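As a starting point, one isolated chain is supplied in structure tokens, in the form predicted on its own.
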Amino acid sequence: MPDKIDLLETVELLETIAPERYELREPPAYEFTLSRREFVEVAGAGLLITVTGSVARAQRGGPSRGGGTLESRLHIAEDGAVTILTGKVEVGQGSRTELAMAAAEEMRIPLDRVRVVMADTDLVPNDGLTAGSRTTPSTVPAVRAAAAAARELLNALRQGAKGNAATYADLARSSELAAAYKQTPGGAAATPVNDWRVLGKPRYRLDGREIVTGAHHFPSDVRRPGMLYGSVLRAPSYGATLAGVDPGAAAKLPGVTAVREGNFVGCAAPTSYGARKGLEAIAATARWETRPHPSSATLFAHLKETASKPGGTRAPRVQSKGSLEEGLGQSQYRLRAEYHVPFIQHAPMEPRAAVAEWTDGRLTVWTGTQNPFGVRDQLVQAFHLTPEKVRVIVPDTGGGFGGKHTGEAAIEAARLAKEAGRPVSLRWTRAEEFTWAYFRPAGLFEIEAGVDAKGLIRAWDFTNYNAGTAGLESPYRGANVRTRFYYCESPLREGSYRGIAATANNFARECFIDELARAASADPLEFRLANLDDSRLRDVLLAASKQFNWRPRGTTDRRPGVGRGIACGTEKGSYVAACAEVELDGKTGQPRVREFVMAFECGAILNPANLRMQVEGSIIQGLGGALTEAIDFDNGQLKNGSFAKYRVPRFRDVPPFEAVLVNRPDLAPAGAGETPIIAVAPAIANAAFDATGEPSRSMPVRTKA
């Protein structure tokens, strides 16, 4: 397993330059020396609608990358049922239902007549990673365009010999289809917001019953005839390399197949217990060479010591305007501060899992990933195959949060299956998921700013070490600004996390804004409003503060040890603001959130029920990063790699909270999976600051008892 894989920069850069088609192309961890019939089995006999021109360009991530190529997107069965095809993945965020709603809206059919086939690389177009909140602004319009084209085909057919009674089933069977298709304009109009009958209404998950009754099969539940179970040898510490091992040590155990190729060592057996016992026998013979490794106690000093230098191969990114010296000279109040954000893990409900099967030189893998086509490419590279020889199928998966972009489990399962000559299921343990999956990057922040006598920011100098560039630029007005990002040598493997780096950047910025407000003797809400021009950000601030009753609370008596905080931010085209009230534990200094309000705006709301769940899920996940989550490591080993030691939020940690959804039907819909989380930690930290007068400059938030 590589030590350092710069997933973070890859995702953020690609998301910036080509958000419709960005893919993660990480080298595989190891490198070793669909037919029409199958589709009919999935969707039923009928008609495959393809669309060209603007629709193809709207989903540039398809198998054929050139402009104007045909893209398979929508299937009409002979009974009139509709199947939507997408390369996106369902990891609990509700995209399956949202895409079905988009098709039902445009085709004027009931929602229960729509099926969605997702993330099967033999059947669907490549819609890119399920990341960056891109499903709503990119894939939903592509599905709506295809469905609108189908609607126009039906209208054309109705105007012909079939008359007004023609149905989609008639369209699927019609010999007049080819002529009707040629006459259909390439840009069929999507339904205006005011005319929505399906979109804009609250709809719960189409597969909700299967989820809650346990009928749904996750990647961990996949079974194949004759399947074995796998286990893989892991290093005892970060950076350790394998000096020697005897895979034959497992040969005495019944039914165990062992393999070593390069750094890969693993075994497969008829039971998961047998696979673990075989691996224990192999591990007893392993010799490792270890090396010094930084600890979490020295993390932030290490980041600064290893920061990129101007003129180097990875020079810092610097953006500036105006003169900081001039701006600071105009300031009556000047302030400097440093903030720390640790590594944290995604901790999804379902760890990485894959089942691999070889048939006549062709590889099929069922796995949990947010990046099916990227994992296919990794398998192609690892096993020196051509893309048509590899199929990746992603069942709806038990969580990802940005942590399942890579295909390690798929590659490992495939190598074991190739050796054993039988399908192999590989499920990472919780300890493996904590230790060897990539982390949300740690970050060190140095900020300096100046405010004039009117409470206006005159100078802003923001420096980020390692955390990443998403959400780096300040939304606050400023004529004299410098923003810097330094690449560092991360001691742990790091990559995308919900919100990428926007969570860390927004935490440091919003906590510092509160410190500036206090220095200027200004209310934190009024200070923000005075320095913001963005009307959408101002609107969510006002919506959150009104629901929280911010202004009246500021004039009432204050209880000792209780504080209120506010924070806001924008990322991925959406806007968020939050208010929190906390009470401090007198012995530990840890804040307990008593009340939380969030206002969120992402343009026109496609599914209010799902949007509310996205916002509420972000609040609860954000509580973990704000209050309890931080990776602890020393001597190259993870010290808290279990749920007993790494504390994610429990039900008892969740305070009374309210989500205010600000609908903007005049604006195009934006994604909602990531942005809400960026306001959680700074609102809580600012509430703790309000309670104590001492700024909270690190996550998790702590104050002096």
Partner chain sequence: MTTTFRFTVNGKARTVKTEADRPLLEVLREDLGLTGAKYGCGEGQCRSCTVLLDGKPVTSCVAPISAAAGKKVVTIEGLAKDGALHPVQEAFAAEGAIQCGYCVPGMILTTAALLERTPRPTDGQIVDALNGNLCRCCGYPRILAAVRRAAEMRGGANAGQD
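Numbering follows the first chain given and starts at 1. The structure displayed is predicted, hence computed values, not measured ones.
Not on display, but discussed next: the form predicted in complex with the partner chain.
Which of 260, 317, 536, 205 has a heavy atom within 4.5 Å of the partner chain in the predicted bound form?
-> It is 205.
Identify, from the list 133, 138, 331, 397, the residue with a heavy atom within 4.5 Å of the partner chain in the predicted bound form.
-> By the 4.5 Å heavy-atom cutoff, the listed residue in contact is 397.
Find out whether any non-hydrogen atom of residue 629 is located within 4.5 angstroms of the partner chain in the predicted bound form, and reply yes or no.
-> Contact check for residue 629: yes, within 4.5 Å of the partner chain in the predicted bound form.
Does the partner chain get within 4.5 angstroms of any non-hydrogen atom of residue 588 in the predicted bound form?
-> No, no contact at 4.5 Å.
Indicate whether residue 548 is a 4.5 Å heavy atom neighbour of the partner chain in the predicted bound form.
-> Contact with the partner chain, no.
Does residue 463 reach the partner chain in the predicted bound form, with heavy atoms at most 4.5 Å apart?
-> No, no contact at 4.5 Å.
Quick one: which of 118-126, 452-460, 238-246, 89-97 gets within 4.5 Å of the partner chain in the predicted bound form, going by heavy atoms?
-> Only one stretch passes the 4.5 Å heavy-atom test: 89-97.
Note that the partner chain is not shown here; using its position in the predicted bound form, name the residues of 204-232 with a heavy atom within 4.5 Å of it, in sequence order.
-> The stretch touches the partner through 204, 205, 208, 209, 211, 212, 213, 214, 216, 217, 218, 220, 221, 223, 229.
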